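Only one chain is included here, represented as structure tokens and corresponding to the form predicted alone.
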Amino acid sequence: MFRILKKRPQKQHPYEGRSNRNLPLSSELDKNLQILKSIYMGCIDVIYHPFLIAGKTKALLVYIDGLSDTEQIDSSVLAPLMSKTIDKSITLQGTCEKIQLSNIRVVKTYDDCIMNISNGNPILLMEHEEQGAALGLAKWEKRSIKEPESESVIRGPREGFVETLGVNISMLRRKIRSPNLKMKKMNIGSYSNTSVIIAYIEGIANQSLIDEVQNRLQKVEIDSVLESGYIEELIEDNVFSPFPQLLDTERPDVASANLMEGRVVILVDGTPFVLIAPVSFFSFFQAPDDYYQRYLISSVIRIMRLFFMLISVFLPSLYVAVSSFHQEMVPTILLLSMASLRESVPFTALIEALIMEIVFEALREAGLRLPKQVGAAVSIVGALVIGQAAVQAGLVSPLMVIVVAITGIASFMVPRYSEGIALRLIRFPIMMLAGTMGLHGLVLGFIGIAIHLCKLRSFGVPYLSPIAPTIGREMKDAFIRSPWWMLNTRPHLTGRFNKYRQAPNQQPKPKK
């Protein structure tokens, strides 16, 4: 017997069938109420408040409970409008003049009404009026401004972005008090309708860069944008690269500094993480402290970061290659010691390294996901207990535990989590190459990574700039951080329209 399958009705694409919302408002208040109720059918938090203006004209106030300031609605809207002492003609314009609010916008379509209602702005509709008024009375619970835990500094501002877009914009305005700081707004997400801001400084940022960012964002068609990571994956140049091509930050000072270098900042409502484009490989090794401390200290620390980055990527592979294929490179005394330590280990050096690295990564991830009170303790105690137990059981050698511990400490030197996790990821294929081909495989992996980085772009800017292509004057802020009196110019590939950012010859001269 064959089962007869019924043909399923085709689902409507979420971006189709929305033209009815763009219809203009009707002059009949009951019709407007009927359409809005059909749109918000099943939404118990949408409040429809009918009332009479001056006891004569029918009016309707629509808002979402929890997104609007109900106290201001009662005192600044309903109380003056329901008073019978209104001496002006009862029109929308005269009614809005009676309301003591500074932010009132005119809405003409149902789509405008939905947008403002969802943003917490109540909509005022009146009989015999083909347009309404959006009242700026949005109010909801929001997090207070605190220092970002993932980007803490020893010296510098102690404030970070929050989930409210208006607060984040004001924090940028506080840093850059210039009318040249421009912002373009768009909404992305057919259901979430998330507000996205493109911030740049006119006269410094390249106009072609601004247009490219805007075009990529306009091409995004998605049902919701709940975090800036949604957008990051949809607008980056190479989606299959493990390396991040946009910089994310919670710090207003970092965003402002990048704006001053001609870059573009993308702010997304609902998340404290903003995106910065374009960036280079060296952007992920620059910490805010580098620019707040003395340049000698900052330069030494930055060189240490780059050095330990190489250790975190290549040290396990180097150990595997040398112990498996190139024992002649090890001094005799050290080789005998290594042989005695690995005498009871049943695995090859490659398997041993993979086991320890995977366990260490699991402990690190567990420490991040657990509550703060126990996360650090689990990571430290777990690493000590498992390492000691593994050595005593003869599963791994003590030297491998030391190598994995040094690698883990070195990986924490990378100040950006997105770059650090990419470097941790590529460590495993390099170990496999070293375990099968020795140092030849390690060199082959290094060449492959270098070729990939040379091909990578961030909004058209080479990922390895200022090394490839070589730009000599920008080396002053790559491997080291030169003193401020030497950083006269902005980056060539992002701030070409306004090259100089400070006057030359500002080096302090010692008095004789």
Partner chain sequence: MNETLFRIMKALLAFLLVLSQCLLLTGCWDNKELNQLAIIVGAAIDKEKNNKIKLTVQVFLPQSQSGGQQSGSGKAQVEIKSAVGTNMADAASNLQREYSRRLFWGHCKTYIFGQSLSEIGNLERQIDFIDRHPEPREDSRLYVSDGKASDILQLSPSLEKYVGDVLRKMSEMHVGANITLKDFELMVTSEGGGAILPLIKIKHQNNDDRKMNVSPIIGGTAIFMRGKMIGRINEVESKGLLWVRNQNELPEITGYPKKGQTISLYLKRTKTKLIPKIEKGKWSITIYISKEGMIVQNGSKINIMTKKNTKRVENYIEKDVSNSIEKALNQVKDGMKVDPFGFATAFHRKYPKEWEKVKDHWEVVLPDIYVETKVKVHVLEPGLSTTTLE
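Positions refer to the first chain, counted from 1. Predicted model, so just to flag it, every value in this text is computed and none were measured.
Not pictured, yet referred to below: the form predicted together with the partner chain.
Only one of the listed residues (I409, A339, I99, I421) places a non-hydrogen atom within 4.5 angstroms of the partner chain in the model of the complex, and that residue is A339. Shown without its partner, this chain lists S170, S178, S344, S144 as candidates; in the model of the complex, only S344 has a non-hydrogen atom within 4.5 angstroms of the partner chain.
In the model of the complex, the partner chain lies farther than 4.5 Å from every heavy atom of P371. Interface residue remark: A349 is counted as part of the site for the partner chain in the model of the complex, having a heavy atom within 4.5 Å. Not displayed here, the partner chain is approached by Q392 to within 4.5 Å at the level of heavy atoms in the model of the complex. In the model of the complex, the partner chain sits within 4.5 Å of a heavy atom belonging to E328. For the candidate spot formed by S323, T332 and M432, every residue has a non-hydrogen atom within 4.5 angstroms of the partner chain in the model of the complex. In plain terms, the part of the chain that comes close to the partner chain in the model of the complex, with a heavy atom within 4.5 Å, is 435-443 out of 286-294, 260-268, 435-443, 195-203. If you take 275-311 and check each residue for a heavy atom within 4.5 Å of the partner chain in the model of the complex, you get nothing at all.
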